[in-house]
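The chain below stands alone, shown as structure tokens; this is the form predicted alone.
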Amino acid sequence: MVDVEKLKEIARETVSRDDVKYLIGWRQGTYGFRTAPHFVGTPEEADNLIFSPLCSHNLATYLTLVEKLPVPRGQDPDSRKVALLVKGCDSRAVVQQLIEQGIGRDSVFVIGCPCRGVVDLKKVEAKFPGMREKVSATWGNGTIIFNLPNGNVEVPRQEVLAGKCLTCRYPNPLLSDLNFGEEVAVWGSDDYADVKNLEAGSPQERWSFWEEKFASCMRCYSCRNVCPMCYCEDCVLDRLNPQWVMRSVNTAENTAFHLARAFHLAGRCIECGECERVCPVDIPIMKLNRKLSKEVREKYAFEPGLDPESKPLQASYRPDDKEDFIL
């Protein structure tokens, strides 16, 4: 059982510190099973914090977004820390941002939240359609317990968990200044079965699969905007001179966009699944990202976001790296 009151107490103490600007966590959303990021600036605002199977958002995205505007003339920059609640996959994003120097270690205070898995909102809303009243959820013994208006309903965890959680190898935060709750057992094992199933098809079958998926893309850029590793101030995919990807919304340009983004994330994607979660047309973006993650892991024995003292994949070198795949 998660002691949310203890979490609120930790949050109140954290935001009361002189070296902390605010804390970013989760709160209940406006309806149904929705949750939302919650910025806590005062001890009183901590009363709305939650941590439950509904807290799917990776809040590490905000670390590279907050307060990037120029400081007004006559004002000094606020050098205080941002406190952040992180699950295991979220912490990998923080670690990778530190490795790439996207953020500084002295700019963030990390509160680790061991996680037993978060739900896939689409699966839950399909199981309980038309829910408009606010619903909360808790972890049971291998189950998720939904506190519905007409009573509690217990659902086997495997039926509603997000895909990223079914293969999660790091449910416990890999980096934290303070941990909330006890470590949880690792239940996921990742043999990349989803990627291997796709690899088993012929080139034409694989192309037909992606052609259909990319044809539905609206180029809304939600996948890029939510990604904690897409924090370049000047995205090459937005440039007009030179223009690498046309603004046209068609299969060819959509394919170029997704492939360029996937290769930019090679050796950097921490598999939090946020891109797929926010896609309005349900493109299985993680199949593409996980294909590259599989290649990097198998060929270079490298996983991003595990060690803040390590180097990025493309800045590292080992004499025993495999060479049999090099043409």
Partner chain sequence: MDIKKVRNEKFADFLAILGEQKLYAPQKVGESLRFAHVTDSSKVELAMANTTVPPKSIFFPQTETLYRYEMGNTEIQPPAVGEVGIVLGVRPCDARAQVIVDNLFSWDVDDPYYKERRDKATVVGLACNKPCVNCFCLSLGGDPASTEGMDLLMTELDDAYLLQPLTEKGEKLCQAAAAVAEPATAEDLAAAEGLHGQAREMITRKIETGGIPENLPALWENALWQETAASCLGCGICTYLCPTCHCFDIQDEVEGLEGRRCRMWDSCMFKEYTLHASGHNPRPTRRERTRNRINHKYSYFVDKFNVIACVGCGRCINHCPVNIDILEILAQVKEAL
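This structure is a prediction, so every number in the text was calculated from the model and none was measured. Positions refer to the first chain, counted from 1.
Just so it is clear, the following notes concern the form predicted together with its partner chain, a form of the same protein that is not shown.
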_Heavy atom within 4.5 Å of its partner chain in the predicted bound form - residue from 145, 175, 131, 184_ = 131
_Within 4.5 Å, heavy atoms only, which of 159, 191, 212, 106 is in contact with its partner chain in the predicted bound form?_
212
*Would residue 126 sit within 4.5 Å of its partner chain in the predicted bound form, counting heavy atoms only?*
no
*For residue 153, is any heavy atom within 4.5 Å of its partner chain in the predicted bound form, or not?*
no
*Are any of the heavy atoms in residue 226 no more than 4.5 Å from a heavy atom of its partner chain in the predicted bound form?*
yes
*Proximity of residue 41 to its partner chain in the predicted bound form, heavy atoms at 4.5 Å*: no
_Listed range touching its partner chain, judged in the predicted bound form by heavy atoms within 4.5 Å, from 166-174, 108-116, 230-238, 83-91_ = 230-238
*Heavy atoms within 4.5 Å of its partner chain in the predicted bound form is the criterion; list the residues of 33-49 that meet it.*
34, 35, 36, 37, 39
